[in-house]
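Heads up, the chain below is alone and in the form predicted alone; it's given as structure tokens.
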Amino acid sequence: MRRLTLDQAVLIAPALAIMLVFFAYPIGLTVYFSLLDYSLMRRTKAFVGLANYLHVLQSDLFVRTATNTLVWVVISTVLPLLIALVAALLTYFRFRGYRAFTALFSLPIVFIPSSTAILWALMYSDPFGLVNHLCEAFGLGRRIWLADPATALPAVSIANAWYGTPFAYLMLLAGLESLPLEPIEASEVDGASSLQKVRYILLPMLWPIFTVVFLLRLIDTVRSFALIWIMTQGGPGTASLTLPVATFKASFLQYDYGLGSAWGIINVIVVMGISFAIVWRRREVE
């Protein structure tokens, strides 16, 4: 094994120190807190081992939170990726006005999660929100979208999908633009239609890039907190409670740092597990 020279060690030392201070130390401290009965409300700080994890995993709240997180992830990941893929393919074939379309379609990427949450909360509001006006125009009834347990989570997920679509679109469009032209030109010589070029040439070549974009979007969705907190705070009740929101509530509203740390570590394990599964599956396919 090749050993680092003194000059190389000096060069990587600042980056390593930053990783230790801002990454390894917080995670280690969180793991330590998760093994404690550490509550400011009860004024306790005693070692309890895995009791916090068992308490979380055996509770009905975890089942509800895990289910909400799954719905949140599916809508917020699959929907923007499908829309972004179609939009990127249309842009790739240079339809008339594609430059203006690219600029307008990418506009949501300039928003921050808090402004996106406020914008969509106003759109869902009753009686002035745009969503209810559209529902009324199409003969559908008005609803209080964010206060109804049946619609709160899908409504917030759609807002998150809108926010995440431009990033996926630009990444997939860049991937399409970087593909080699020889197979596409050869298919044109053979008389392939646009749909045939998409199905048999573009999509197979784009698949590795699509997997990376999917993984990035998935991780961002699982750990996202600001948008759903501003719009519903996990409510009404637990209708839109996800793992990051449950972590925040346990830690900073109930001041139970031990239980909140356990929620946080479980969230990290879920993200890492999904990421490793996708990467492993991609290697098997390749």
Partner chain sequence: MKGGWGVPLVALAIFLLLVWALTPVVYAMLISLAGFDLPTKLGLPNDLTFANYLDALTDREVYRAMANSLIIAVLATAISTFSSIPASYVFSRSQSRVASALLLLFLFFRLFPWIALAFPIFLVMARFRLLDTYLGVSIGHTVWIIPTAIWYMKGFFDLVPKELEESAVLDGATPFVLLTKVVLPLAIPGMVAVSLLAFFSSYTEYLYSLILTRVHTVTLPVLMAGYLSEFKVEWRKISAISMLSTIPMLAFYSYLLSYMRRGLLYGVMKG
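Residue numbers count along the first chain shown, from 1. Think of the rigid core as the biggest set of C-alphas that the two forms share within 1.5 Å after superposition. Keep in mind the model is a prediction, meaning the values are calculated, not measured.
The discussion below concerns the form predicted together with its partner chain, not included here.
Report task. With heavy atoms only and a cut-off of 4.5 Å, decide whether His133 touches its partner chain in the predicted complex. Result -> Contact check for His133: yes, within 4.5 Å of its partner chain in the predicted complex.
Query raised in the report: Do Thr211 and its partner chain share at least one heavy atom pair within 4.5 Å in the predicted complex?
Result: Judged by the heavy-atom cut-off of 4.5 Å, Thr211 is well away from its partner chain in the predicted complex.
Query raised in the report: Could you tell me if Phe225 has a non-hydrogen atom within 4.5 Å of its partner chain in the predicted complex?
Result: So Phe225 counts as contacting its partner chain.
Requested in this report: Considering only heavy atoms, tell me if Tyr200 and its partner chain come within 4.5 Å of each other in the predicted complex.
Outcome: No - in the predicted complex, heavy atoms of Tyr200 and its partner chain never come within 4.5 Å of each other.
Report task. Could you spot which one of Val71, Ala186, Leu119, Val78 gets a heavy atom to within 4.5 Å of its partner chain in the predicted complex? Result -> The option sitting close enough to the partner is Leu119.
Query - its partner chain in the predicted complex - contacting residues of 95-120, heavy atom within 4.5 Å - result: Result: Phe95, Phe101, Thr102, Ala103, Leu104, Phe105, Ser106, Leu107, Pro108, Ile109, Val110, Phe111, Ile112, Pro113, Ser114, Ser115, Ala117, Ile118, Leu119, Trp120.
Query raised in the report: After fitting the rigid core, is the C-alpha of Gly237 off by 2 Å or more between this form and the one not shown?
Result: Superposed on the core, Gly237 moves its C-alpha less than 2 Å between this form and the one not shown.
Requested in this report: Superpose the two forms on their rigid core, then report whether the C-alpha of Ile27 is displaced by 2 angstroms or more between this form and the one not shown.
Outcome: Yes, shifts by 2 Å or more.
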